[in-house]
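This document opens with one chain alone, in structure tokens, the form predicted on its own.
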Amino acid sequence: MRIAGLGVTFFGLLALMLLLLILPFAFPFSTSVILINLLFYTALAYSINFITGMTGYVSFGHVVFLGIGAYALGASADVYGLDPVLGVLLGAALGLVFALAIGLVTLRFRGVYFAISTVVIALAALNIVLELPQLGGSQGIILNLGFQPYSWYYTIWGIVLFEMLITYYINRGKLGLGIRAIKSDEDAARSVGVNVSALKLYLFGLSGLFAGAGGAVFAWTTSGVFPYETFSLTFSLQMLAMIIIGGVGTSLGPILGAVVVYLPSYYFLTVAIGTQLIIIGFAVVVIALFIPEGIVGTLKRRSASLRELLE
């Protein structure tokens, strides 16, 4: 893509990321913690957007890749003393490898059968980890990596930046045409020459790669990997909520959804404890019923001027 062909959404997201680049130096530490968590949820939203948002294949067990990335960093740092940044790269690589392996099997299913298979895999992964003493069993892995807020922040910032660029490239490029055809009618797309299996596997691999990277950062920031927390299906539900609220398959939707989901969650976790999932679930139901296109889709539908600006 040439610079002249880039839209307002691209430059808006780029400006936002440049602003986030300097924000940690302008605010106190407590604000930086909020920003780290917000970027973490943004990374998760973009990761699931590659498969669920772009193709319509709903993955309820996407947390499995987060868990793989977390354990990759935890085990490598605990046993081999690997630098956390290298642990993040390892988590991304293993997330990619496992996504390709799992995708070869599960992407043969469609609709509810695919969704159920992803849940089963996530539950199986949790039970496998619980039986492996090398991974700490039910106790998990406790790390002592020190307090490194700037390293955490700029690592997750870089992950989100890559996700944004790849998402925008796919949506704007020829690749996006084939993917939209798959989402609209998979059989029709195959009949006109679209390599459906390869495209789905490509997107599933990307989603696993970035979820694995995000999971590794999660383990790094929490200084440990704890199985029930790491493989909690709550993460998968939050990922789905973010892209549904923001706008599935869009370049802007995941970060909008992350803001809408995370910031209220932060409030509920610190003030109205125990109600955050109820509120998020209610919001998802309302949006699914009344504005199924999400924030981005609804703005584009209601405003002709925004239709050309938002992607």
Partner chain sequence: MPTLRTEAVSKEFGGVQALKGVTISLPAGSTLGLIGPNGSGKTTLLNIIAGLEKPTSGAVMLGETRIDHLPANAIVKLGVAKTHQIPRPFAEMTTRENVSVAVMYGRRRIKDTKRSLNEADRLLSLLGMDARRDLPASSLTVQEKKRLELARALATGAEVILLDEVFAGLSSDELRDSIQLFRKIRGEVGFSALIVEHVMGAVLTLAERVVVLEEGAKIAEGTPDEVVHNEAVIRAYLGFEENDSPG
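Here the structure is a predicted model, which means the values were calculated and not measured. Positions refer to the first chain, counted from 1.
A second form of this protein, the form predicted together with the partner chain, is not displayed here; the remarks below concern that form.
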Only one of 210 to 218, 87 to 95, 121 to 129, 194 to 202 gets a heavy atom within 4.5 Å of the partner chain in the predicted bound form; which is it? 194 to 202
Which residue, 112, 188, 101, 79, is the contact with the partner chain in the predicted bound form, using a 4.5 Å heavy atom cutoff? 188
Assert contact residue (the partner chain, in the predicted bound form, non-hydrogen atom within 4.5 Å, options 181, 116, 233, 166) equals 181
Can you tell me whether residue 177 touches the partner chain? I mean in the predicted bound form, with a 4.5 angstroms heavy atom cut-off. yes
Going by a heavy atom distance of 4.5 Å, is residue 173 a contact of the partner chain in the predicted bound form? yes
